[in-house]
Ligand SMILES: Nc1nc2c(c(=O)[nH]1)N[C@H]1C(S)=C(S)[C@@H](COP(=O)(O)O)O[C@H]1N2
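Just the one chain here, the form predicted alone, laid out as structure tokens.
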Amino acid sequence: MRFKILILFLFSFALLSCNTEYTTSNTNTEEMVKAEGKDEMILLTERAPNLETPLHYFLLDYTPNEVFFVRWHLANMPKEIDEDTFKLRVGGAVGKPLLLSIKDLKEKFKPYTLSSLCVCAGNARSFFNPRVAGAQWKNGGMGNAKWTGVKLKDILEMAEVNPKALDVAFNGADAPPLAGVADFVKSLKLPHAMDGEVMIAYEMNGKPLPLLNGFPLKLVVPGYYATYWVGMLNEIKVYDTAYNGYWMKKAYTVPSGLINGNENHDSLAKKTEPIGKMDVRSIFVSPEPNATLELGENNELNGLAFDGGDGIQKVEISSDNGKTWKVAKLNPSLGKYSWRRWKYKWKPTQTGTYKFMVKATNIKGETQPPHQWNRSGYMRNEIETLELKVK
């Protein structure tokens, strides 16, 4: 089976030559595009393609594949992948190197399904103050899905992984467009890779992965930021020494030992470490910012809360700039690695502009700070605000 896609470029380019067709429109200064295999989404960058999910899709428990956010780092990526000839290579510090087809993964391993939220490390970067460089995501750099595939543990055990190995590295079919650009390779410590939850997915919400979301295979690292979720995965390599590639040592790092990845822009942290587990966070979904409501009508504010898998304990709402907080109602859990929906009923008694705040707390007691910043715009979990107008 061949899956084809036209990558989002406005013009032909020598590093990635493909003819691109998509429709564009502008909504509230956001450029919307429809790429092959995708419904209308918010365009952040063309090369490599990066697309944001419109906020209203977060009213659904699971994000449809057609609008699931897209994040790539390298522009030189395949325009098509033949599932019938594709192979996943497993090597390095193993006793039995493997070359696995998609058919092998489906027939030689027990299938595994996990509900998990995937969140870009730079999600909500555009809200940082002071502003930082990088793709200016709002809250749509994330999505929740049911992933089906194979436990990474089962693959490594078949390959007879060296129990004394240190790191497991993951590479995809996308490639550097120029000499000197580092290939996008991520790694996990062996105990993490063998935890029985990290998986190699070949399906997303019951369907084959879209190419823009990593077809035919995607590494799923529940509870960790999406930088580890390598798409178009075609190589797994086990190292008996520490892996120190560029995308682990230099890129996607945060201040060492500081809560919420927080640092002072006037005094940057001297030591950094690879980003990892997701912080606790909550957002507003509906009504959307600056919506106008009617005086005296019953309204329901709703949104999402999530963390790295410990579990959300409560969500609180404030309408007086954080002086007092009221508990919102939580929907049933979709799984510890999924987001948790919350609701809060509210009836305005006066006209004017209202400012709401929301914060989540997980079962470990971790919550959200009133302000958070770091030089890379990663792991934002500052308390979210929402302004509404009542007439």
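Numbering starts at 1 and runs along the sequence shown. As the structure is a computational prediction, the values presented were derived from the model and not from experiment.
There is another form of this protein, the form predicted in complex with the named molecule, and it is not shown here; the text below is about that form.
Interface residue among V358, L44, V70, A35, judged by heavy atoms within 4.5 Å of the named molecule in the predicted complex: V70. Interface residue among N213, S116, N260, N139, judged by heavy atoms within 4.5 Å of the named molecule in the predicted complex: N213. Contact with the named molecule in the predicted complex, defined as a heavy atom within 4.5 Å, is made by none of G276, F306 and M379. Here the chain stands by itself, but in the predicted complex one stretch of 289 to 297, 266 to 274, 171 to 179, 81 to 89, 171 to 179, has heavy atoms within 4.5 Å of the named molecule.
Put simply, A226 is close to the named molecule in the predicted complex: some heavy atom of it is within 4.5 Å. Residue contact check for Y252: one or more of its heavy atoms lie within 4.5 Å of the named molecule in the predicted complex.
Interface membership of V220, defined by any non-hydrogen atom within 4.5 Å of the named molecule in the predicted complex, is ruled out. The named molecule in the predicted complex is approached by F184, whose closest heavy atom lies within 4.5 angstroms of it.
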